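Next up is one chain by itself, shown in structure tokens, the form predicted on its own.
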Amino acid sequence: MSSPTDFMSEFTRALEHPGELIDEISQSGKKAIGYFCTYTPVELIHATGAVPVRISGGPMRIDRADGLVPSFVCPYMRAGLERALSGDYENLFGLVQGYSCDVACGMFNVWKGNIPLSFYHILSLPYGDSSSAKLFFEQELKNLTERLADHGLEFSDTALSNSLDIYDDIRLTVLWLYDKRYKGELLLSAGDFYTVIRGVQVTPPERAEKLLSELVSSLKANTEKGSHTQDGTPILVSGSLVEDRSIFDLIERSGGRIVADDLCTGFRYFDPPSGDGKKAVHRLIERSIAHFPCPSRQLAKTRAPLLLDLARRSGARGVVFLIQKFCTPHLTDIPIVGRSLREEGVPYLVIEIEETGVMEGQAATRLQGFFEMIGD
């Protein structure tokens, strides 16, 4: 029986070498289509026979991208563009973006003007859940399928239903891992856990589904071998895209134990696992509208009680906000959400992330002090 960490290598390679993964997809005869945001309808893209791959950035020195975008653009977007300009995404077929934050949508046009891909498409998303909002979104999805068909990628309701089933299974499995973590029963470090769930977002879904199934079997078998206890002060981490696992390792070394998250690369990608509807497209719409909201899609006063509920359900004693430098949606969210947390007796700490990661010494000191304050 393999150990749980044996499954790290494939996910790690997919994250560190996205160009190799896309080359493999292209050589298999399929088209890889990139996307930035969790609101992108990946199931619909997959239903056309293409392979959705989330664009990666990661901690790095920015060189080429500095010639196209100012330094106050968020590190994830700058790093993703740097990879594209360096040739990592030269075999990507296209890019699809669901309208979320302004920077992501502006960067879509920077890519379009500088990265020669065959297909570019941006679709608008509804902010409400009324019947007219759902009809609007259905038309946006239809427009996307028609444009994909113009590029040789055919869509059918049956294919969408099958794709939804695959993604539903992936999300349910990952949410099972989240549940184990709430209970302190997950035999993965925080860094390994985020390597798995980020790896899922860049690995072809059929392969990701199989790897997750094997990982769960390994976790169950190794749990039965003996008891496992996890130390550290339980906390929830909140923020946008966190691609550097070293911040999670630092939190654990500093005395924290991550029991839940509200991250674009974490819980928000997987919750809810599915949507209801008689037609496949309605399942897709209902899930998208019920998405655990990010600050660019929902008001802070609406997000605050959701974050509090997540903290209570997971047993978190505090919240650590991990904010990409210059991420306006999250920075403007914190005063209102933070006030709500304080009023309910939930303390919080804000850590800023730059292109090269965090200032480890400074962050470690602040984290240690925070955990000592809220610990036993």
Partner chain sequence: MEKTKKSTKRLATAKELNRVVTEFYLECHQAKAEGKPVGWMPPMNGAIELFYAMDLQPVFPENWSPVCAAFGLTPANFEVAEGMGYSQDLCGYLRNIVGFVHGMMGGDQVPLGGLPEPDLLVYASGGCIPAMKIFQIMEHRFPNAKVFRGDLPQVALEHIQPHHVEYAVHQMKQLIEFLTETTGRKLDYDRLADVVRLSDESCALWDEICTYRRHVPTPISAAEIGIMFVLVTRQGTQIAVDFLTKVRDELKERAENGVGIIEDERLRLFWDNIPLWYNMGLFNYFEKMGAVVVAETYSAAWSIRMDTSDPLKALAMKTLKSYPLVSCVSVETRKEMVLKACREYKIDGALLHSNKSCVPITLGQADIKRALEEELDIPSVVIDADHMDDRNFSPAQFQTRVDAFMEMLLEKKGLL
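All values derive from a computational prediction rather than experimental measurement. Numbering follows the first chain given and starts at 1.
Separately, the form predicted in complex with its partner chain exists; it is not shown, and the next lines address it.
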Contacting member of Leu250, Leu219, Leu175, Val110, with respect to its partner chain in the model of the complex [4.5 Å, heavy atom]: Val110
Its partner chain in the model of the complex has a heavy atom of only one listed residue within 4.5 Å, and of Glu185, Asp157, Glu90, Asp102 that residue is Asp102
Report whether all of Phe267, Asp271 and Ser274 sit within 4.5 Å of its partner chain in the model of the complex, measuring from non-hydrogen atoms. no
Stretch in contact, per heavy atom within 4.5 angstroms of its partner chain in the model of the complex, of 238-246, 93-101, 199-207, 259-267: 93-101
Taking the shortest heavy atom distance, is Pro329 within 4.5 Å of its partner chain in the model of the complex? yes
Any of the heavy atoms of Lys301 lying within 4.5 Å of its partner chain in the model of the complex? yes
Any of the heavy atoms of Glu140 lying within 4.5 Å of its partner chain in the model of the complex? yes
Are any of the heavy atoms in Pro234 no more than 4.5 Å from a heavy atom of its partner chain in the model of the complex? no
Sequence order please: the residues of 61-86 with a heavy atom within 4.5 Å of its partner chain in the model of the complex. Gly67, Leu68, Val69, Pro70, Phe72, Val73
